[in-house]
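Next up: a single chain in structure tokens, the form predicted alone.
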């Protein structure tokens, strides 16, 4: 089942100045969907549209298979959200913050204990929020989002500003919510290095346009396709001619050759060719483009 779907979603704050253009999101049930893009690419605007916090005149947003405009209350009752930093009453305890939201949402009384247990804040629930660390505040914000036992969590930059320990806490919590509670998670970020540790699917936004969408493994495939083999030999010119006879012609870069990587068998074959023609191999190194560089390349182009 598709939990979130948009069809050619456009949005502009002023006429002729599109923030989003032709956005076609598809988020599958049970997935952790990382919504990536540089700052200012339109991620928060998209999230606000999905939650009905910005006006959308067209019927091109569906959640849980239902049109948002026609079934808004039912959709939002199954959705929890956290946009950037949570809005909390710092002079009140964590428990009291949850109680206020519980009453507004008319949730069950035992939902507070469940939410506190999920985010591991039960022992700190009596403390005033101003005494909480940033990571604890973020977890309390998630507890508020979980009060109605949602099927979908929409999170905007949930690890923004957190220290490494706080980031790990949120990461482990999101994985737990997804695997043990079956919650579909849609989270935005500009930090691929963090997002890649938990997502199953990715969408990359650049200047309001979706430039990549697919499973995380699809991005790993792009990474493999961009990998190169760097070779330094006793005679690079001759080595280049020999390699060109069987593989794509290498590029000659200063003191070494660069060949586009295909598979490990290709490396073995190149070694064998060079050894058989009495060319000494001084260095042969596989250079993998890291995923962050792939992300930068996608958004740049």
Partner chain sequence: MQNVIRNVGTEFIKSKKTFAWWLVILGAAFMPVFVSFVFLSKWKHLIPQQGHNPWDDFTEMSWKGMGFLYTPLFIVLLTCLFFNIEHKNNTWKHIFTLPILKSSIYLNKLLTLLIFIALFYILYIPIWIGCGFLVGFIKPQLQLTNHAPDYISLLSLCFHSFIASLGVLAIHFWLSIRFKNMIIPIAIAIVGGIIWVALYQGRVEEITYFPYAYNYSTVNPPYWVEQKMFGIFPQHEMLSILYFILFSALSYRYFIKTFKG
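Residue numbers count along the first chain shown, from 1. Every value quoted in this text rests on a predicted model; they were computed, and no experiment measured them. So that the term is clear: the rigid core is the largest set of C-alpha atoms that superpose within 1.5 Å between two forms.
Another form exists, predicted in complex with its partner chain; not displayed. Remarks below refer to it.
Proximity to its partner chain in the predicted complex, defined as a heavy atom within 4.5 Å, holds among 114, 179, 103, 220 only for 103. The contact with its partner chain in the predicted complex, taken as any heavy atom within 4.5 Å, belongs to 88 out of 211, 118, 198, 88. In plain terms, the part of the chain that comes close to its partner chain in the predicted complex, with a heavy atom within 4.5 Å, is 76-84 out of 201-209, 227-235, 163-171, 76-84. In the predicted complex, at least one heavy atom of residue 92 sits within 4.5 Å of its partner chain. Interface membership of residue 51, defined by any non-hydrogen atom within 4.5 Å of its partner chain in the predicted complex, is confirmed. In the predicted complex, its partner chain sits within 4.5 Å of a heavy atom belonging to residue 99. Among heavy atoms of residue 187, none comes within 4.5 Å of its partner chain in the predicted complex. With the core held fixed, the Cα of residue 198 is displaced between this form and the one not shown by less than 2 Å. Core-superposed comparison between this form and the one not shown: the Cα of residue 211 travels less than 2 Å. Relative to the superposed core, residue 83 undergoes a C-alpha shift smaller than 2 Å between this form and the one not shown.
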